[in-house]
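Given next, in structure tokens, is a single chain: the form predicted on its own.
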């Protein structure tokens, strides 16, 4: 099942399938290591839902919900 990273709940995990967005935002996501094939785990969601924290390639990364909405992830067991 494919879902947007912004729709994840804490502890959900998956593999990045596609990075959308345009221009600077897409380039920034790719530069942070969010590339197809990368394993990602949702760690925390702020009380009002923005930002979110994920674990990716061995480090913690904080993203805005709008940025996370550009990332499609295939849900799988960790």
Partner chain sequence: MRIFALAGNPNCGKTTLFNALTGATAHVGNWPGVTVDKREGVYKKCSEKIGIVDLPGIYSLSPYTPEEVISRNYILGGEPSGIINIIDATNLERNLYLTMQLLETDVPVIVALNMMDEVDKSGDKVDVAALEEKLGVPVMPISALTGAGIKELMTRAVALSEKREGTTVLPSSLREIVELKAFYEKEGVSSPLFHAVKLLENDELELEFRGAKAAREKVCGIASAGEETAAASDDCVDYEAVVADERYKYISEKLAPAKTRKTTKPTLTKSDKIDRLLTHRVWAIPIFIVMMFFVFHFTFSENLFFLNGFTESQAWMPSLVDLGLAVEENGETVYNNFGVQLLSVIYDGAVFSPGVILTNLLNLILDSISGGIVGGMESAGAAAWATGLVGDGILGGIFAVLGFLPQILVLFLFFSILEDSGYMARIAFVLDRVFRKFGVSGRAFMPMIMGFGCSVPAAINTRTLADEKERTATIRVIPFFSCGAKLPILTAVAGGIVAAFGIGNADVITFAMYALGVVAAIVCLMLMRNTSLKGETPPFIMELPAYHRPRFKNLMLHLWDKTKHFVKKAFTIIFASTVIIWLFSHLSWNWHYLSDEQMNESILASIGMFIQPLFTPLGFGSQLGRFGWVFAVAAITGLIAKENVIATFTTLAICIGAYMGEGTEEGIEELAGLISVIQADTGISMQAFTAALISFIAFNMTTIPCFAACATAKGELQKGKFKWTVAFWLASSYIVGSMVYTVGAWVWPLAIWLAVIAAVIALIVLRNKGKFDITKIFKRKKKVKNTEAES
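Model, not experiment: these values are computed from the prediction. Residue numbers count along the first chain shown, from 1.
Heads up, the form predicted together with the partner chain isn't pictured, but that's what we're talking about next.
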Residue-level question: is residue 25 within 4.5 Å of the partner chain in the predicted bound form, judged on heavy atoms?
yes
With a cut-off of 4.5 Å between heavy atoms, is residue 52 one of the residues that contacts the partner chain in the predicted bound form?
yes
May I ask you to check whether residue 13 falls inside a 4.5 Å heavy atom distance of the partner chain in the predicted bound form?
no
Please check if residue 45 has a heavy atom lying within 4.5 Å of any heavy atom of the partner chain in the predicted bound form.
yes
Out of 18 to 36, which residues reach within 4.5 Å of the partner chain in the predicted bound form, heavy atoms considered?
23, 24, 25, 26, 27, 28, 29, 30, 31, 32, 33, 35, 36
